[in-house]
Each structure stands twice: as structure tokens, then as C-alpha cells.
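So this first bit is one chain, no partners, the form predicted alone, shown in C-alpha cells.
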């Protein structure tokens, strides 16, 4: 019930009952303690009142400043942190370079960043969300495998909680971003949707039946490891060959661009510049990456059938170089009515990833 007000409010009680399937009496009973605890408020009389057959129904709204949440996106090179309110609106943001990639260094850096973020919100901040790329066991708070950090089986939630005295939730970074979109962005009101990210890796978060899908092993939606090339395709860091990520990740694109250009010092920015400048061989590298992404997305849509797919990530800086190939492969490979699934491109800054981590901590509090 609370999440309905959080994601769709201000909203009147009859509408809450319609959305949730609860009776009016059950809604009233559930609302009362949330109002008493200061999480919900009834808008003042005369403000957006809705006239019904009986007395006016006054909308309920979340008191955004009742509690604050910290979200931190952990990368191999830096931490991006935000403080948000209950509506996941960013109140403060800060970045910090990591002192090293060891578990001890990153945990200490997270604690230092938390101390710097919004000290004026500290008294009402009890929850911290962390987002990390790779295989994450959210219930256990363990990073089982993060290729970019080189971590295996790290009890990150426990370690960071010990340093910060906050309640810590750890989630895969793409799934965390998906939660933010589900509750506060493109996914509000959608029963099913997918969020795909293009950049250092290729990720995907899935919402089906209004719930984020983790799967039996916590790795549902990993389209980056869908095989789209033959058995002799390029090797992937996961140990397989021909994965989408082995063809379309930033590292893969740069590696092949260096090979075809003969420039071993080429970086992603240089590859993009060469492609824009008309280098046919480098443009072909981006085209192949686009085709791989499109095939991976189509496989996911054919299997899961989301209402829409949102594409985001830091790799969108090069999106114009492979958009046509993504859409062509995506459209060609879709089956039947799935061809109507829209592909929405939405660039998001790094702070949105940290906001995703904060959204996970908000979700953890109220899902409990």
C-alpha cells in the first residue's frame, strides 16, 4: 500500500484500493499507522480534494523528508554517492576516487564518503544502498563475483555496516538502476519492463508482474552473457565465448578498434572520433557491437515479453554509431507481436546509478 502512494502519489484512498485490490477498510487501517509514524500525510483540506458520492476524498502523499537514504555506486576507479529523500529525490551528491581496489580499501573509502555526504541529514539517515557490477547476492549482502573489481565472495553489506553503523543493502548496479526506474521513472505503472545498460559491461534488469526478477541464482537478465556468435567467437571474461559483452563492451570495442586501426594506444574516445571521422574499419567494429546488443535484447524480449525496453548507460556516448544496427537486429529477431515492444533510449548521468542504490535501500525498508 505504501509503495502505491510513494510511486503514484498524491493519490486518494479509493484509487489505492483499486490499484492494490484491498478493501476501503483495509486501506484505512493500513494508512493510519503510516500517518502516525510520519511517513504519510493527508493533503490539507481544499488542496486537490476529490469529490465523490460521500465526503470529499483528500489525497495521501509521502512526507519526503521523513527519512533520508544514502546510495553509493561502486566502480573500479571511483565512488559516486548521493543522499536522497523518501521519493528518491537527490539532496546531495559527491564523488570520490577509490584509494585501491582491495576490499579493505573500498570499504574504508565508502565509510569516508558516507561521512562527507549531507551531514545535515545524518540524524534521519539509517539506510545505505550499495550498487556493484557483477553477481550479487542481495539477501546475503555478498558480492559473489565482480569482474571489474576482481572480487569473489565478499560480504560487503556486513563489512560496510560495521564501518558506518547503517543498515546496508547491496545490489547489482543494473538491478538497482532498474528499481529506481520501476518506482520513480519509466517503469512507474508498468507491469513489466526491462532496463538494458551499455558501457563497461552490458547489463539488463527485468521487472515482471510488478516485481524485480532475480531468478533462482540471482543472475536473471544477464543479456551480456547471451551467446550471439559461433563457438569460435571472442573469449569473454566469464569463461565462455561469443557473449554479447565479449563483442559490445567498452573493452571489447576498444580492443578490436586498436587491432583494425593499428593504433595500440587508442581509447574509447579515440575510437569514437575515428568512427565519426569516417574510418570504415572502426565504424564496422561499432556496427558489430550494435548487432550483438540488438540480438541480445531481442532474445530477452522473446523470452520475457516486457511492455517496453529502456536502454541507458555510459556507452550511449557512442549510441549514434550503433543505434541503427541495434534497432535492425532487434526488430529482425523479434517474434510476432513482440515486434511492437518499444525501445526507449534514456541517457542517465552517473549520479542516477547512485540514486538507484538509494532506491534499493528505500525498497528494502518498505518491502520488509
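Residue numbers count along the first chain shown, from 1. Model, not experiment: these values are computed from the prediction.
The same protein also has a form predicted together with a further copy of the same chain, omitted here; what follows describes it.
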Within 4.5 Å of a further copy of the same chain in the predicted complex - does that hold for a heavy atom of every one of 93, 101 and 159? no
Does the 4.5 Å heavy atom contact test between residue 141 and a further copy of the same chain in the predicted complex come out positive? no
Going by a heavy atom distance of 4.5 Å, is residue 332 a contact of a further copy of the same chain in the predicted complex? yes
Residue 118 versus a further copy of the same chain, in the predicted complex: is there a non-hydrogen atom within 4.5 Å? no
Residue 150 near a further copy of the same chain in the predicted complex, any heavy atom under 4.5 Å? no
Using a 4.5 Å heavy atom cut-off, which stretch among 319 to 327, 59 to 67, 34 to 42, 300 to 308 contacts a further copy of the same chain in the predicted complex? 300 to 308
Quick check on this chain: which one of 80, 266, 114, 226 has a heavy atom within 4.5 Å of a further copy of the same chain in the predicted complex? 226
Option touching a further copy of the same chain, based on a heavy atom within 4.5 Å in the predicted complex, out of 174, 285, 206, 128: 206
Across 169 to 188, which residues bring a heavy atom to within 4.5 Å of a further copy of the same chain in the predicted complex? none
